[in-house]
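Take a look at this one chain, the form predicted alone, written out in structure tokens.
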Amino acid sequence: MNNTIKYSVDADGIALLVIDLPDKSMNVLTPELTSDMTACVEKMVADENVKGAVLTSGKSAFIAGADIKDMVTAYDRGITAEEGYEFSQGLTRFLRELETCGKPVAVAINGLALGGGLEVCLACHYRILSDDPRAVLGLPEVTIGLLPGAGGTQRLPRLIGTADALPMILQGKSIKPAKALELGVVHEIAPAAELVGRAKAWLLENGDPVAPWDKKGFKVPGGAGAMTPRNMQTFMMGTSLLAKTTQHNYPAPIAAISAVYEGCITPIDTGLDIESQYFGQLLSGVVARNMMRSLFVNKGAADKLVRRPAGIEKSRISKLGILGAGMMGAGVAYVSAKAGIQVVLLDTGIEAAERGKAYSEGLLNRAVQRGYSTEEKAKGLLDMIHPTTDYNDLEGCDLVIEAVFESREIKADVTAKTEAVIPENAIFASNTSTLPITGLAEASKRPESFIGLHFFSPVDKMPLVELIVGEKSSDEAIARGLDYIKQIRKTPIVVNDSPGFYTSRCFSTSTNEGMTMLAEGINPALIENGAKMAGLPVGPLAVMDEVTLDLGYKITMQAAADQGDDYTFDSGFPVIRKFVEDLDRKGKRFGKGFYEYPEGEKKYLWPGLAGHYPLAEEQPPVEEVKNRLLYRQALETARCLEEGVLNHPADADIGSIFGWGFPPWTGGTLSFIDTVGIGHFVEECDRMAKAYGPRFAVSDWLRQRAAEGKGFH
């Protein structure tokens, strides 16, 4: 019985295969679909009255790719490279049978076709794509630790040449219809309503059942291997650039370029076999497991609001108030207006409020210049933002987000003024990155409607929002906060209240460790480069300059004042104190910090560092620098889970990757512990606690988990 494909034959002898997986919003390549399609192809071939076939989708997209939820468990099931090879070969054989069935097959691509979806299209003899900007084509497998395993590394280069194919394969870049036609990935583009008709016309008039690479004398456009000067440069430079950008933490890009290089100098069937061998190695590896689980499965669940309290009616924000038009407030205003929300942007002075709106204007002007938007759309978005100094303008707001200076007194003042105006059922959220929400909610007359919404800078680019639950935050406030995050197309995590919450608390351990190493006499260049080699986006000293040492100083002094004798200064704070109090080097915004910032030139580490922190005679190996940074962040995450700041390991991983840039190859902070093994992790922390101090000390709770071999996923 065919459950996934509707098969019919018209009076002209053209078979129509409409893919429509039941109970799924999008088609994905499942074993059932490949089995059904194989059966349909066999039926089509056996029917003498059928001249050819058109493949299309019954959904708004074509095929979104393979079923990642099945592949993500491969590593934990103990799959071997040989078994991964066989998995790839199963898809390859199925598509090769389609390609060599002896009858022409055209594909009417009525929506996006990604990964395995595009690979299905490439195995068809004629491709016609919907002329719709949402109908993108791409091979994104490398972004989840894999390579295209159903012919993508072999057919695409043979179709358009290696130079044009490699960006799609190695970077996971998607292309829109016009570009797909220009490159030759598709033969034509047309309105969606005409796709099937045009595909049938090609079959009846020109239908050719033989793929280009199966014809005698075929040559890869531009040449294969390193036999041409252009290809020699492409592969030699490409491999070097991949090594630089991946730091050998990500095996997929190197495997993919190897599959293209080795496979395209051989006949297609040999090339497909080579591709499957590389795919098997990746699927059986831990990096692919980590990336699929965190970047696809768990992120997808978060985007669908898996943490949303049940039983609360769905909501939408129509009018949003933002208190504070600085960088954060201005960024929140932009993403909210972009989502169609009316925004009231309030500050103490109209000039400041107007500057906040001007931030959106700058972003929109660049978008118009690059062709991503139109003048009309940009003006419409700007009209959604109303700068003001009048609290009465907040009347009717469904949600108000406070993004003022990190001072309890200032925050309490704006809370009171706001609550005097907004509706009783409005939600009030603070964008604080450090101050506990429960304490801030004490200034509110309705603490049950008070939550934290911690955005990351720059808001228009950073995908994460950390929702913080105070002691009195209601389920309705949490649900409505999550609905808003989804409305502005961000990814949420939900954490419980504590100083620094989750992301700020754990992120700060990396910068603290970097400054501690600097004070120990470790070469600052080794610290910064070690961080990059571990997969962190920038070094801890550069990060500290970006957020400013001045801010770190003020936050620390505020916390010390709050906690009095109970407060323990971090190991790296003496460095901050020296730079702020003695050296007046407060960070990038102030023109100098750990780095020098010459106007119009590239920044560089301040040469005076060695005078204040002389280099130790013996420098540690780079692996030790990497481990100190990664282990410290992961250990603090485990403490957050133990203390109940975090409720779910998935939120920990998503927050670490998308919030502060923990290396995606690890799968996130808790996945990193699972990757190195919890027993080994505890042993390493014990070693580092003896060498560097109690910040690496392991709790009894974590030690017991290690003794039981109990990981986090």
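Numbers for residues come from their place in the sequence shown, where the first is 1. Keep in mind the model is a prediction, meaning the values are calculated, not measured.
The same protein also exists as the form predicted in complex with a small molecule; that form is not shown, yet it is the one meant from here on.
The stretch in contact with the small molecule in the model of the complex, judged by heavy atoms within 4.5 Å, is 451-459, chosen from 246-254, 204-212, 82-90, 451-459. Taking non-hydrogen atoms only, Ile410 approaches the small molecule to within 4.5 angstroms in the model of the complex. Contact annotation for Tyr391: at least one heavy atom lies within 4.5 Å of the small molecule in the model of the complex.
In the model of the complex, at least one heavy atom of Thr348 sits within 4.5 Å of a heavy atom of the small molecule.
With a 4.5 Å cutoff on heavy atoms, Pro387 does not count as touching the small molecule in the model of the complex; it lies far away. Contact with the small molecule in the model of the complex, judged by any heavy atom within 4.5 Å, is made by just one of Ser508, Ser276, Thr432, Thr516: Thr432. None of Leu482, Cys121, Met328, Leu381 but one reaches within 4.5 angstroms of the small molecule in the model of the complex through a heavy atom, and that residue is Met328.
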